[in-house]
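Shown here is one chain on its own, the form predicted alone, set out as structure tokens.
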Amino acid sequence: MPAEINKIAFLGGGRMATAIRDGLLKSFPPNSLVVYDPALHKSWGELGCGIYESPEALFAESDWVVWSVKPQVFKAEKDTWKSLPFSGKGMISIMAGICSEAIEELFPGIPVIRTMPNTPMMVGQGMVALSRGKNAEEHHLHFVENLFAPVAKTICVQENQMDGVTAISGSGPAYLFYLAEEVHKQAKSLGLSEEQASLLWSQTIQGAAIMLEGSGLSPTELRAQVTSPGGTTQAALETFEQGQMAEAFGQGLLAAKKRSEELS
């Protein structure tokens, strides 16, 4: 742990905060990570992390505060938090749809880094987009990038791109799980057990993702490599096109982006 960093505090200890915590525990001592979340104190305390009984103490004694409450909770409680003293180094938001400015209004002059992580951080394979608030400098951004490094790849974007990021990677794992559900439903019709279908599907996704990232080929080129004229893949793709699957997926992305905008 860098000598100048004493405490990283989580306001909210849910799944995403837990995933980040587990990554940080690889390079930070447990007592440098603290949380305020009465419903989840026990699970954090069992790992040796610090527990705060009030948000007042958390803000007063922490170097960095990770805003990991739900957007609706932030909106409901922000007037309460506005009066709390904070003299730390900066704040990190993982709240969907809440802009940096909303936190800056509560804590004028404080550097804010807004992020959009996703749940694969729980297995060390996350994706996190980061953007700087008006008071944050490059060294603040680099610090937060390094925090996420043990559990995710990172990308720096403009804050006005965050709603699009949310639609693709923030919500993205659910899209793949949605398809996995259908694979499970169809397993018996395909002559397979759910366990067999699950292994086939999950490994196929992993391999395809590696090809998509590292082959240097476009998605269209990669799809063409698998699609022989008159073959099985073409039969499936034609069925997808008849059902306007691609169009529906595109509309789903736009709906997710719109909802992210509404949350802000």
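Sequential numbering from 1, following the sequence displayed. It should be emphasised that the depicted structure is a prediction, and the values quoted were computed from it without experimental measurement.
This protein has a second form, the form predicted in complex with a small molecule, left out of what is shown; the following refers to that one.
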Given that the partner is absent here, does Arg223 sit within 4.5 Å of the small molecule in the predicted complex, heavy atoms only?
-> no
Do Gly252 and the small molecule come within 4.5 Å of each other in the predicted complex, heavy atoms counted?
-> no
Quick one: does Gln186 come within 4.5 Å of the small molecule in the predicted complex, counting heavy atoms only?
-> no
So, in the predicted complex, is Ile94 in contact with the small molecule at a 4.5 angstroms heavy atom limit?
-> yes
Is it the case that Gly12, Met16 and Tyr36 all touch the small molecule in the predicted complex, with a non-hydrogen atom of each within 4.5 angstroms?
-> yes
Interface segment, criterion being heavy atoms within 4.5 Å of the small molecule in the predicted complex, picked from 38 to 46, 195 to 203, 210 to 218, 225 to 233 = 38 to 46
The single option of Gly164, Pro71, Gly90, Gly126 touching the small molecule in the predicted complex, heavy atom within 4.5 Å | Pro71
Please pick, from Val112, Met116, Val144, Ala152, the one residue with any non-hydrogen atom lying within 4.5 angstroms of the small molecule in the predicted complex.
-> Met116
